[in-house]
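This document starts with two versions of one protein chain, written out as structure tokens and named structure 1 and structure 2.
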Structure 1
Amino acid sequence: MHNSSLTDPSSTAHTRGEASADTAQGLAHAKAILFGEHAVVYGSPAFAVPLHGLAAQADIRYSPGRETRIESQLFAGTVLAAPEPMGPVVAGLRAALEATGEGIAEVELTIRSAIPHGRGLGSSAAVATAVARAVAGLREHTFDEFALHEIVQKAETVAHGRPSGIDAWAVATPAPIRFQGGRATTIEVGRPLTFVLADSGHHGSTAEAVAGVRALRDSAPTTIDPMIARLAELTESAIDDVRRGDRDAIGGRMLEAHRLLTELGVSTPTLGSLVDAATAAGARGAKLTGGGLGGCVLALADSAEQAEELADALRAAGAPRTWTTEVSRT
């Protein structure tokens, strides 16, 4: 079982980082879209769950007399020398510093993240959230949830062009959320839910997947529109199931959603084989999560013990990595 060694606190809003003297730390978790992929593009709701087993951590300290530096797995050097892939981090750092009202400072930022990049798990948003929380702690400042969201959206705009905003909310909120039209509301969980996340080993391409579904819809709206409407219905029904803690219903809806996403052309043979492996091993349900054409599969287990069996089966089916996480009862 491969789990992150970083932990993500989930009992408060975490709009301010933890600080000590001239240093501070910020944390954020990954997220997975449980229902609503692609339907959300057309105004329908999406349902995202936190993945507390995967986290990003930012540590920041004052470094007087030195240029601002970033240390990370991808890059180590000054902000001025940061390559294009570090653009979202630089944008998030600058936005957070400016939001404290004190402008750019001489700091050293160290980032560690266990969230795989390009898998639809909110990696860039989680890093930006951790950075913003660290800056808040360093400056003894508090960002409310809307100020934090605005900072992270600036980083996400650099990363993705036109972000919907779901990642920025989902990685900063300890509970599951319903997202629609830029607004997020938390969802009560009636019974703990244990998920196994399996990496397909391939980067997803949300832009390509969205464009493909749009082309299908333009060519055959009478076929595609009912499928998108059904995905929206599954999302709303699943929210009620989660409130009741009905694992059977949630699992069944996951399988139906995956079938619909496959018909929309955003699954792949690898994703399909992982879903099949999870269900054969006893998962209540399984589906791709995120835009598709790569990324990850999410499987619903009955317990932590069964989750270990599912993880073994998924790795045997070709997943290079798996993670287990619990969505706690609220």
Structure 2
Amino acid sequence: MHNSSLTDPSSTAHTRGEASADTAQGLAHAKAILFGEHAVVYGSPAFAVPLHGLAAQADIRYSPGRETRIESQLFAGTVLAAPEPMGPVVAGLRAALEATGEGIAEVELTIRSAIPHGRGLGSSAAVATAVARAVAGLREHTFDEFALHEIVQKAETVAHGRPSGIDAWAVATPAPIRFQGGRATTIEVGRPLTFVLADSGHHGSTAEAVAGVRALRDSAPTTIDPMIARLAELTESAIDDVRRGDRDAIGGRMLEAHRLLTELGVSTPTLGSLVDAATAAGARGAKLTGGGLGGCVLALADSAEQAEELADALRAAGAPRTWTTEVSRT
């Protein structure tokens, strides 16, 4: 068990590919969805924040005449022997090499990521973004934000089926974002906000959660559509609250969003008890974040000191790990 800080301003300085001779490095950060998960699938807005201290890193070098190799925590070997879970990385690497206009090349790619997989923190999108940035560095090429997004969405489609695209924008943008209909805009933060993120210890399948909500909506649209509409209202209001720095209002909306997501069937008893533990320990608000059915809970603290108390309470309630992060002006 540990409690590590996510606040690492230096990591924002490394978000572009960096080249030196025939090697290059790319980085990207994790993300958490503060409001609007699931509703975003139906065209509603969503609001995501960067987690700068949790990063994915890709190092790449040319290896002419040898088969392309990938080394990661999951797998080490040639692309041809890569197992299915490496599919998004292979797709991202290919898409990035092709997008430079120079075509496929033999490379050696090393991936290191501190972002836990399957926790709704954007792990697959961050790895793909780091790979694309490393490729850009290697080829001394610049991907604008749209080109980068397109590459990462190709990897995300292999990872998740039909992702809304929020992860791909959120892990590549250093500021909080409002996302809707495939487009992202950055949000000003009126007053720094300290969040504690608690891992439920359970893998959450976003595809399964999205399919569950869809089935519910198909069976009872007149009940579910107003809930989705309410989630959209909460997102828009929370964006205003964040601009004004109104913690109380944000916290209240987090609790309401969690209740709605529970009614949509994407919470679990563990996620529910972590939200209760955070509230009992004095959090302004708490909710599941991301697809649900596992993954993480996000709790809003009053201060960095109170965040420590919240983290203790969340670990006492069974979270195997917690992280503290500050979302501030960029």
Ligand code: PMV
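Note that the coordinates shown come from a computational prediction; the quantities given were computed from them, not determined experimentally. For clarity, a rigid core is taken as the largest C-alpha set superposing within 1.5 Å between two forms. Residue numbering: structure 1 sequence, from 1.
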Inset, instruction - Eyeball the pair and call it: which is the form predicted on its own? - result: 1
Inset, instruction - Using a superposition on the rigid core, decide whether the Cα position of Val210 changes by 2 angstroms or more between structures 1 and 2. - result: yes
